[in-house]
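Only one chain is shown below, in C-alpha cells, and it's the form predicted alone.
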C-alpha cells in the first residue's frame, strides 16, 4: 500500500456543513467507467460536472456522501468491510480516490465517506485472528459469549436481517455477536485497543483528503455487557416506518442490544478524532420504537462540541406524508435539539424510492418536486439521494434479479433493497441508459426517465432542483436562518426562515385541489423556482396555491 498523500481539503468555512447540500452516491450504481457492470470511482470522476461544474450546468451540490467502497466480500455490498484502509478493486484504487478528492475539491465539492465501525467483515484479519481461541492478540476485539448450558445462544437478541444475532464458532467454542449478517461480526467498542484502531482508520482517510464521515449504525456500538434478554414487544406497539416492509422478526424491544447510554461516550471519543482535522460527522441513528423515540434519539446525539455534527434519522421515510406529520416532526425536533443542527433526507439506499413510496405517479411533477423544494427550505442540512433529480422510482425486482441478502433471506415477504439501487440513467439513447458501454449491469438499467430527457424538459425535477439550489446559495436565511411555523391550515403549511437581515416565507399545498390562505404579512417578492410550473398567485396577503403548489417569498 502506498503512503497516504497529504491532500489538503478545499477551504472550509466554519460550520460549512450547516449550509451545504449533500448528495448521496451509491458507487456501485452511479457510473461504470470500465464496463464490468459495476459503478466505480472512475465513473464518479467522469460525472462530477453533473453535480457541480462551477459554471451553472450541474446541479450545484456542495458535498458527496459515498456509500462504502472499501475492500469487501460484498455480503452486504460494502457494509461488510475486510480492509478499512484501501479501495475495493470493483471500485478502483487508492490513486483513483486521490484523483477523486483532487477533482472534487477543485469543484468545491466536499468528500464524506461511509464508515462501518460497528462491525467488520468476517474476512477481516482482526476477526480471523479473534476467532481462533480465547488467548490470541485479538481475542477481545469482537463480542464473544459462552453458550447457555443447553448450547443455545447467550440471549434472545435478534439480527436485523433475521434469525439470532449470535453465531457459534466451533474453533473458539463460543458465540459471536452480529446485529446484522453472520458475515458482519460486531466489534467490541469497550476494548480501548479497538477504539484506537478505528481512530487510526479515521486519521488515514482524513490525511487522504476526506472532509467528513457518515457513520453507519452509529447507535449500535454499545451493548449491555450483562447480555440481558431484550423484553418482548407489547402487542400493537408502534413501529417506525422506514419505507420498507417491517422486519417480521422485530418482536423484541432492543433495550439491551442497542441505544445504550454509554454509546454517547463512544461518539464523544470519535468527535475528538474528527476535530483533529476539522472533519464532520453524520451518524445514522435509527430506532424501531416509533416516531417520538426516533426524533428524541436523533437530537440527543447532536449536542455541539461533543456529539455528532448531524444525526441521520428515518423520520421522513414514512409512507404517508401530510402537513400534520411534517409540522410535528419539525416542531418536536426544534423543541428538543437545543444547540444542535438538524439533518433531513427523503430517501436512501435502504429505503423505497420517494416517488414510489409517496405514490406520486399521478402527479410526477407535483408532489415529488414539492417535497424536494421543502427539503431544501427546512432548517437543517438536506441530503439528496442520487437519481432524485431524474425521478428514479422503485423497481419491481424479480427473484432472478435479486442481489440483496435481506431480500434473498425473506423473499417474497420482503423483497429487499435492490429496487432503490438501480443504475443511474444518464442517456436514453445509449445502451444501459449510459451507465456503461454494454456489459450487463449488476442490477437492471430500467428507469423510465433518463438525464438527457430531464434536461430537455424545462419543468423537470432536474431543472427544479438546479434552480432551487442556486436560490438557496443566494439567501442566508435559507441556509442557516431560524425556523418558525406561521400556520397549518388543513392541507397547507406555511413557515418562515429568518436571519437578522432576511425573512423568507415558504408555503406548500399538500392536496390535489387549489387552496387559498391568508398570510400574516405582505410578501414583496416571489422567488419560487420558475422551473416549478405550478404557479402561485399572490394578491396583498392572499396566497393561492395550485395542487401541490410550493411558494417561496421574500418579505
Ligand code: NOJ
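Please read all numbers here as calculations on a predicted model, not as lab measurements. Numbering follows the first chain given and starts at 1.
The same protein also exists as the form predicted together with 1-deoxynojirimycin; that form is not shown, yet it is the one meant from here on.
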Does the 4.5 Å heavy atom contact test between residue 116 and 1-deoxynojirimycin in the predicted complex come out positive? yes
Heavy atoms within 4.5 Å of 1-deoxynojirimycin in the predicted complex: does residue 259 have any? no
Is there a heavy atom of residue 184 no more than 4.5 Å from a heavy atom of 1-deoxynojirimycin in the predicted complex? yes
4.5 Å heavy atom contact, residue 180 and 1-deoxynojirimycin in the predicted complex: yes
Heavy atom within 4.5 Å of 1-deoxynojirimycin in the predicted complex - residue from 88, 350, 300, 394: 350
Among 213, 97, 223, 161, just one has a heavy atom within 4.5 Å of 1-deoxynojirimycin in the predicted complex, namely 161
For the chain seen here without its partner, which of 471-479, 429-437, 193-201, 214-222 has a heavy atom within 4.5 Å of 1-deoxynojirimycin in the predicted complex? 214-222
In sequence order, which positions of 60-93 have a non-hydrogen atom within 4.5 Å of 1-deoxynojirimycin in the predicted complex? 76, 79
